[in-house]
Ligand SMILES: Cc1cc2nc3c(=O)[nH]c(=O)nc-3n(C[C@H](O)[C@H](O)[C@H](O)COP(=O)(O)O)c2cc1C
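Only one chain comes next, encoded as structure tokens, the form predicted on its own.
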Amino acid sequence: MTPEDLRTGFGRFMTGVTVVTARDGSGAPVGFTANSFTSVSLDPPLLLVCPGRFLSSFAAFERCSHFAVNVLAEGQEDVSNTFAGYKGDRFARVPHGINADGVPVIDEAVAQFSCRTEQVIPAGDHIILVGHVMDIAQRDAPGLGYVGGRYFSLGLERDTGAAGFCGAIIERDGHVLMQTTAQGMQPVLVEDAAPGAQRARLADGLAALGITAEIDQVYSAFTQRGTGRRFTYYLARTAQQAVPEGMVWVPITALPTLAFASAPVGQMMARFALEARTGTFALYLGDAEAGDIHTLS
């Protein structure tokens, strides 16, 4: 077992996303993104987070008397990314307030736990920071999820659950698996006759075609005007090299040059080719002509 094996295994556990905040010895606000957040006890009210020793703010969290855990909402991917990697003034980029203990809390989070430090326990390359929850502010909204190195948004994905067709943009080593049709290329598509549990039925449909893939987030969902047919496409990954008859591996860089089965599919794949350069993908919700983009990862 290698550290990468362990990291990948841990990453298969779906979690929420939090930003943990405090103040350092000089009173400056500090914060980091964490999915290592766990409820511990209701009586007394305890929770824990696990700051890593690699954090530039590690000493502040190791010594803090108070901290806050902010559970991020669907759509707050930018907040997570800021506290995960931005090197400048993170709080200048993110709307926030101050709680009764003087600790910054993130605006629009679905929950803000204000804590007094109860215990600090060394644990390998992290510490276990146990907090006594002194107060909680919360709102009824979907939370932001994370698994396999990518964000997911259950609330947005539920909006795509209408019956119609579902497909997968299946990636492998910089290539995408495409079906060849009389109208042009398209990602792998299967008919989906019933609402609900769409991800499972897509996996079954791909398996029936001889494709084994790990299905990730919804990438695009749109209704075809005139017919009212609903199309939902997921991102997916596979290690499979052999492809079923009528399908080919296409380099992502070649996608803008292809002829596609329909204009909406062509627009979707052009966006995918662009976003694949940075690995920052978004979810499209709308119809074949117009819709909204929601950043996901």
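In case it trips you up, residue 1 is the first one in the sequence shown, and so on. Note that the coordinates shown come from a computational prediction; the quantities given were computed from them, not determined experimentally.
The same protein also exists as the form predicted in complex with the ligand; that form is not shown, yet it is the one meant from here on.
- At a distance threshold of 4.5 angstroms between non-hydrogen atoms, S36 is in contact with the ligand in the predicted complex.
- Within this chain, S26 is remote from the site of the ligand in the predicted complex, having no heavy atom within 4.5 Å.
- Of the heavy atoms in F32, some are within 4.5 Å of the ligand in the predicted complex.
- Put simply, Y146 is close to the ligand in the predicted complex: some heavy atom of it is within 4.5 Å.
- Judged against the ligand in the predicted complex with a 4.5 angstroms heavy atom cut-off, the residues P51, F83 and R90 are in contact without exception.
- Only one listed stretch (52 to 60, 245 to 253, 260 to 268, 39 to 47) carries heavy atoms within 4.5 Å of the ligand in the predicted complex, and that stretch is 52 to 60.
- For the residues H175, R199, H132, H126, the 4.5 Å heavy atom test against the ligand in the predicted complex is passed only by H126.
- Checking Y219, Y151, F113, F222 against the ligand in the predicted complex, a heavy atom within 4.5 Å turns up for just one residue: Y151.
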